[in-house]
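Presented as structure tokens, the chain that follows is alone, the form predicted alone.
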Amino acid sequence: MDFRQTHIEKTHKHTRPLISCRFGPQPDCVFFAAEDFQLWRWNISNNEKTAFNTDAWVRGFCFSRDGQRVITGGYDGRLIIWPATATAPQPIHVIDKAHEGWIRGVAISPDGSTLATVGNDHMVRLWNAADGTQIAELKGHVNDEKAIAHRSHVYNVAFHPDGKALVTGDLMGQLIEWRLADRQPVRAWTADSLSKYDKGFRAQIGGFRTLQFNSDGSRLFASGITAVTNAFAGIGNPSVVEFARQDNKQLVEYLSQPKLQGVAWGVALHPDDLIIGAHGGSNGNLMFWKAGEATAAHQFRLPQNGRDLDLHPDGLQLAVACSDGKLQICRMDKKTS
């Protein structure tokens, strides 16, 4: 693998801008959501495409551990469990009001038994992954006497690899770790650089586009926008922040070089100690950092803004959802003739 040789290997052109993407559990399949209110399964090999009629924009989705189901969270507040491999997919379970307003993030526990969702109603909810019944509601991001963080839209969620904890992050830059045994908040801290209140526009900007633990759970990576000078226009720089799980200490803030304008929308953690980010704002880029080194070692220019990113299990392919309606499959290796 040579990330400095990254190139676009294949492009799928869709009819509407893309929002999110993930490599599917099945070989040669990529799932992506678009602004046409659908989730799509695209087979790279034969170019077949299958629609899941989510009837909403989908930013957060994940797969069951056996790969047989895909779970979507819509901007209409619905949580839907689908058969991932069906020729004409129909919902297995639909939770119509999983959240009031947008569901921004969906995650599944390491053992596959529990779903976690977060959204614009300031709530964190846990669900039975088998049948979609609600297990618990966690209220740490609301403003009351028992809350440990400010009332805020919750942007993302990640399970710790040991399955004993959950981390959620909101628009205000607040992070909360929850103990799943009793569903209580253990600690809270702030990613100061990833959220800012613009006094001129009276608007908060920031939040976590990605929350992701490394494989052993010792590090947490969060991405978004930093050094914002204009909230209305979204003028700032993409950033990925690395925290130590043991004490929440910020270890590194990974930044572009030269500085790009926009947001780090997606992050992939390569097993070869490489952090990869997808940027959108001033066009789009893939950014590559060596672990522990704050300045990007390489940046690859994309044709348009990158809105999401996923790493294939082979460690070579990257799927990038772009705002021009194209799904780019990039490869971190030399081009073959």
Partner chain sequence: MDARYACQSTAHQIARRGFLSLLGTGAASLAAGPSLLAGLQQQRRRMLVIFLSGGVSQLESWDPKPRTDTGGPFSAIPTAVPGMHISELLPKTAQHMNRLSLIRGINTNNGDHGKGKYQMTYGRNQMPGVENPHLGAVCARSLERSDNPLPGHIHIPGGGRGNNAAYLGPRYASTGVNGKPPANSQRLGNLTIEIDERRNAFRRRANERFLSQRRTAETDAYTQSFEQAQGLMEKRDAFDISQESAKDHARYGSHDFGQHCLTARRMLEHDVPYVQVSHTNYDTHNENFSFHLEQLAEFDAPFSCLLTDLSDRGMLESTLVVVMSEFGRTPRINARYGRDHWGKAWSICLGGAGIQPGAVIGATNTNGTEVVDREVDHGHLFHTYLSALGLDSSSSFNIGGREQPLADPAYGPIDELLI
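Only a predicted model underlies this, so the values are computations on that prediction, with no experimental measurement involved. Positions refer to the first chain, counted from 1.
Just so it is clear, the following notes concern the form predicted together with its partner chain, a form of the same protein that is not shown.
Chemist: Please determine, with the chain shown alone, which of 211-219, 224-232, 123-131, 237-245 has non-hydrogen atoms within 4.5 Å of its partner chain in the predicted bound form.
Modeler: Of the options, only 224-232 has residues within 4.5 Å of the partner.
Chemist: For this chain shown on its own, do Ile19, Ala203 and Ser323 all sit within 4.5 Å of its partner chain in the predicted bound form, going by heavy atoms?
Modeler: Every residue of the spot touches its partner chain in the predicted bound form.
Chemist: Report whether the minimum heavy atom distance between Gln299 and its partner chain in the predicted bound form is within 4.5 Å.
Modeler: No.
Chemist: With a cut-off of 4.5 Å between heavy atoms, is His160 one of the residues that contacts its partner chain in the predicted bound form?
Modeler: Contact with its partner chain, no.
Chemist: Taking heavy atoms and a 4.5 Å cut-off, does Arg104 contact its partner chain in the predicted bound form?
Modeler: Result yes; Arg104 sits at the interface with its partner chain in the predicted bound form.
Chemist: Taking the shortest heavy atom distance, is Asn305 within 4.5 Å of its partner chain in the predicted bound form?
Modeler: Looking in the predicted bound form, residue contacts with its partner chain include Asn305, since a heavy atom lies within 4.5 Å.
Chemist: Just one of Leu175, Ala84, Leu171, Leu180 has a heavy atom within 4.5 Å of its partner chain in the predicted bound form. Which one?
Modeler: Filtering the options by heavy-atom distance leaves Leu171.
Chemist: Hey, which residues along 43-78 are within 4.5 angstroms of its partner chain in the predicted bound form, non-hydrogen atoms only?
Modeler: Heavy-atom contacts within 4.5 Å come from Asp55, Trp57, Tyr75.
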